[in-house]
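Just the one chain here, the form predicted on its own, laid out as structure tokens.
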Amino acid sequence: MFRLRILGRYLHSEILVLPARVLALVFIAALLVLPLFSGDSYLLMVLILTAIFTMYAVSWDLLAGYAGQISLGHALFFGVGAYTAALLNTKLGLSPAFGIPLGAVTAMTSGLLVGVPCLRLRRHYLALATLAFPLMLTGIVFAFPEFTGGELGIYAITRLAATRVVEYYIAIGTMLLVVALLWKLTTSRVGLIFHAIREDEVVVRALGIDTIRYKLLAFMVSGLVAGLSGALYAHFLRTAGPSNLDLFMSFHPVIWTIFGGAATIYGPVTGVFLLFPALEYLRAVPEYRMLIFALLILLVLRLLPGGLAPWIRDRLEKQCPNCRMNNAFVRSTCRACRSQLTP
């Protein structure tokens, strides 16, 4: 009873006071109860893939949006996680419960290996350098076809779970946990340092902060989350192949993040949950599918350069000019300092 009272107080004081947080709560609740109202296997499959790609997108947002380390080869981490989980399962017989975490840890290690040689590179030089790594791994995959499956990839991987509903809850639960942890990280002192490095690394170094350590941390955490999504993807689709490492796989999180809003964590979530299902259901009109998709992206980027999610938040909330506290758009005075809010 005491814990319920604390939870109710927290909901009343921190969640229900802001419309954007209420929307997030409704969204989470809808995801959790959806299988109770719809057992459509195709719908669940689309949402499982959406949840997996959401983790992939927020991992890129942490590295590029927050820490400013622009990566155009992010598919490396996704592919390392997928291939590691697939090989551990097919060659050593490890179950997904062991293979998926090991795939994520292996991708985290690859993040460290990528971060070290890229430490002194910035902007487009860094982006081009990261682009080379998945290409090199693709060459390795093709060089050892008897081990990696070559162009055909690895098949007959153990299924993620026995039923589609269980797979759904594994994917959604993991996604919600990852997003919550990354949100906590980005609102901490570490997230503040990431922001500062993105804005001016020289100033941060002048303050005595070891920027190398924090950039490596960004690469490793981003690689861990991207590898986790890749491992889940391999076990869900029961295959891992060169397509996990191609350029399109690297560009997808960039599009999703910029569409939803970079350096926000909730922006990539919005971008993936809108764009991926839309692209999937546009298969009904295959001749216009990519055209409609491209026009949708261009329209949002042209009219809302900061991303869709921040634009929605700014319509629903107002920031106090004195204490910088966010308030619901219907309030005329700040909920914290009682200052007058501009209409």
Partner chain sequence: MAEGLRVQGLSVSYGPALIVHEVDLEVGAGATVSVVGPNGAGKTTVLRALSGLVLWEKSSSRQAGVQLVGEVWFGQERVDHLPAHQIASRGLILCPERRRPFREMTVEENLQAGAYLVRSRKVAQQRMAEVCRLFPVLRERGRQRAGTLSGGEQQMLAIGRALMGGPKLLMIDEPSTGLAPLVKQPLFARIREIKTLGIGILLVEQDAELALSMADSGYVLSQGRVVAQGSPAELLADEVVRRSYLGL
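Just so we're on the same page, rigid core means the largest C-alpha set that superposes within 1.5 Å between forms. Numbering follows the first chain given and starts at 1. Just so it is clear, the structure is predicted and the values come from calculations on it, not from any experiment.
Separately, the form predicted together with the partner chain exists; it is not shown, and the next lines address it.
This chain is displayed alone, yet in the predicted bound form one of T174, T211, T264, T158 has a heavy atom within 4.5 Å of the partner chain; that residue is T211.
In short, of 116-124, 74-82, 89-97, 161-169 it is 116-124 that has heavy atoms within 4.5 Å of the partner chain in the predicted bound form. In the predicted bound form, the partner chain stays beyond 4.5 Å of every heavy atom belonging to R9. Though the partner is left out of this view, V203 does reach within 4.5 Å of the partner chain in the predicted bound form, counting heavy atoms only. Among residues of the shown chain, H195 is one whose heavy atoms approach the partner chain to within 4.5 Å in the predicted bound form. Looking at L16, you'd find every heavy atom of it more than 4.5 angstroms from the partner chain in the predicted bound form.
Core-superposed comparison between this form and the one not shown: the C-alpha position of C323 differs by no less than 2 Å.
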